[in-house]
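Just the one chain here, the form predicted on its own, laid out as structure tokens.
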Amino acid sequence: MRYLIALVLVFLCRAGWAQDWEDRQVFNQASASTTLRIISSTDTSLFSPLIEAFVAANPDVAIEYLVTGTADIDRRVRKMPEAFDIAVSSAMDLQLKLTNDGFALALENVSHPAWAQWRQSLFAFTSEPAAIVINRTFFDEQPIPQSRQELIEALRARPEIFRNRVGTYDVRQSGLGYLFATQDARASETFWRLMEVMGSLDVRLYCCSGEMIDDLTDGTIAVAYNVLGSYAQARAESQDILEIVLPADFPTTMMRTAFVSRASPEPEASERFIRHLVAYQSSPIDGAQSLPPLQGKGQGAEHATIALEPALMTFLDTLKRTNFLSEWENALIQN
């Protein structure tokens, strides 16, 4: 009876949310006996090679892949954990909090570095920097800023060019944007000076990296701050006008993470997918890699990567979050 009730709840959940996804695709549905439901913040175009490699090796499993924002993943998993088998997100802090609150299933004997996992339940599988992405058209015969301080100077020098043409995340809505912003603020006061300059130029606020890159490409904005590096690189390969800058003053690099829902109806197949995800990123099939590999200790990036540790949840405290957002609004929204 309990299993039947769970199935009914999942069905109602799926029916109610059918139109709410940024994207939804099903892989290998025709021949599979088991379906895994993956909720993810990663665009399908970037994640599909990993899914296709998995279903090729596991023809008994189909994947229903559902794309939404990082904050929305947190809300949905908390509300209906049995509706999903796996959660994939770039918002490390929200993923760690979900795991710490008991929403993730502990997996035994998954071979993975200690610094790239949490309690054998949350597993990092990519390292991706936050980048400044620039439309070169607006910097014709002007030096491209290579640090936050140089960006501040460039924006101040030509406000008539950059007014309403600078973009960044709306951290009130974006879980990843909030993570990047809080980590930047911890690293340097330069972040707040940059936010104030952006605010004085009527900054445009975005939900996600993809939309910022769209507006960069068509010239709606000239500069995007804290764009996810993998998204920018994927677009820059076909758009010569885009320049990707990894700030020289201090880097901010996040690790994309995944976990199996503790309430997953298909824990065995879900564990297989996590093992595939971890192995695929360290040993890409046929040399193809849609997302950048995991880098960390021993690879020269340990000083740059946000650590997967309890301190990551500091700014999720209600009071700290309220205070941070208030300071952010004062800097960015100067009405």
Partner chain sequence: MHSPAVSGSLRNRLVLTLIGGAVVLALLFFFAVRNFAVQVAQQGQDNILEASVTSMLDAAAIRGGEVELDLPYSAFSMLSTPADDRVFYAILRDGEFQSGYEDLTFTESLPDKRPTFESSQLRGEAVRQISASRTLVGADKRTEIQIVLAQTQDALSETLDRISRNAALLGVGFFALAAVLSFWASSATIGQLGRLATSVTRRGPQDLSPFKQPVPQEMAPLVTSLNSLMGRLDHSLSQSEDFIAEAAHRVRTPLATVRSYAEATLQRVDKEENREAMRSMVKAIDESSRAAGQLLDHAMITFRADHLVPEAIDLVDLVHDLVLRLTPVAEMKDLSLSLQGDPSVPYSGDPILIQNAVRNLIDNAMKYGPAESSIEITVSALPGPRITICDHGPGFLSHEIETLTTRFQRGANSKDTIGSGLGLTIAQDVATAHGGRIDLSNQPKGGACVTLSL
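Numbering follows the first chain given and starts at 1. All values derive from a computational prediction rather than experimental measurement.
Although it is not shown, the form predicted in complex with its partner chain is what the next lines describe.
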Looking at 141-149, 165-173, 79-87, 94-102, which one sits within 4.5 Å of its partner chain in the predicted complex if you count heavy atoms only? 94-102
What I'd like checked is whether W118, Q183 and K320 together line its partner chain in the predicted complex, meaning each has a non-hydrogen atom within 4.5 Å of it. yes
Does D60 make contact with its partner chain in the predicted complex, using a 4.5 Å heavy atom cut-off? no
Do L325 and its partner chain come within 4.5 Å of each other in the predicted complex, heavy atoms counted? no
Applying a 4.5 Å heavy atom distance criterion, does E309 contact its partner chain in the predicted complex? yes
Does the 4.5 Å heavy atom contact test between F315 and its partner chain in the predicted complex come out positive? yes
